[in-house]
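Just the one chain here, the form predicted alone, laid out as structure tokens.
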């Protein structure tokens, strides 16, 4: 009683035949799917320009619709979870080149020995506020038309910076003169074909020397003013001129040992006591080994907003006037200049092309992957 009946040979054969039939159906479906994929006409396969653009627009619209559906479904799930008192599903982190970068052993950690050596490096006297930063700015021997305009804007960005004409002096003699005059850093703006194309930053008196490629330079006069600021104030250009207050310095994404060293070199150019009344912000943002420079001024404005009741209608007082509420809004205003830096080499001590030792030099063989970064 209760014993299971064993399957006969005929029944086992029938089950096997059913599995074989299912496998054949699945294979047929897979083949059909492959054929459909092959039949899909890609825009790159169409030679006619008008048809190609029409197919491309259609595919783009389909992707957009699918993306909207996914977003709506995700928002509905989150709303449902909140209503039930549950935790909403975790949002997916998008894959970017930055978060999928190659593993680098030199990435700084909180307990890294590098931070312990900060008290004894070349920048410690300036960053400990024992010395006030004093910057000498000069040019290459053959100056350009945009060079002086760029230098005049750098003088407004960097406090306590002084410009000296290069003339026919060698760079080593300029370094010796800067040491005697108690300068803490030397910046050389190199120009090529009437356009600034490189920056040389030398820490004094003991170095190091960093050579950057300069690109995408946009001066203050060439930065397009914000449309809203033009509507608010006719004298918008006057507002864009920065004040003489010492700016706040923002350094982001300098994560490796090399990046930490470059970050401290840039930090030594600016005073360590920003004047917050000036509302000036200088940003050096490192992304994929490109350092983006921006100079902003944040502005506080009061805006009047209409006050509405629960039904959405505006409230009125006894005289029949609408009640308004004032809100303080903060916004950024770009002062300029705007440029991008790319590190080419970092040299020990001061500038020396013949006998100088290099900490790091960029070579074309090092660019083996899009996801390999050094800073």
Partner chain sequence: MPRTTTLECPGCPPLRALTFDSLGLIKVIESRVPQVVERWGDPDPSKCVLAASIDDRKKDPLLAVARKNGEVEAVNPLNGEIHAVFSNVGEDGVQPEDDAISGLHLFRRERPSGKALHASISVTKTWKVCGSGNVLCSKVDGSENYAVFGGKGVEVNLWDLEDCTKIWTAKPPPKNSLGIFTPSWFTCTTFQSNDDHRKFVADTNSHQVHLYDISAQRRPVLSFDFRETAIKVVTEDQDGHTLYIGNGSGDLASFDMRTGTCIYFD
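Worth saying up front: this structure is predicted, and the values here are computed from it rather than measured. Numbering follows the first chain given and starts at 1.
A second form of this protein, the form predicted together with its partner chain, is not displayed here; the remarks below concern that form.
Quiz prompt | Heavy atom distance at most 4.5 Å to its partner chain in the predicted bound form, all of 112, 116 and 368 | solution = Yes, each of 112, 116 and 368 comes within 4.5 Å of its partner chain in the predicted bound form.
Practice problem: Would you please decide whether residue 360 lies within 4.5 angstroms of its partner chain in the predicted bound form, comparing each non-hydrogen atom pair? | Solution: Within the cut-off, so yes.
Quiz item: Can any non-hydrogen atom of residue 102 be found within 4.5 angstroms of its partner chain in the predicted bound form?
Solution: Residue 102: contacts its partner chain in the predicted bound form.
Exercise. Consider residue 120 of the chain shown here, and say whether it contacts its partner chain in the predicted bound form, taking contact as heavy atoms within 4.5 Å.
Key: Yes, residue 120 lies within 4.5 Å of its partner chain in the predicted bound form.
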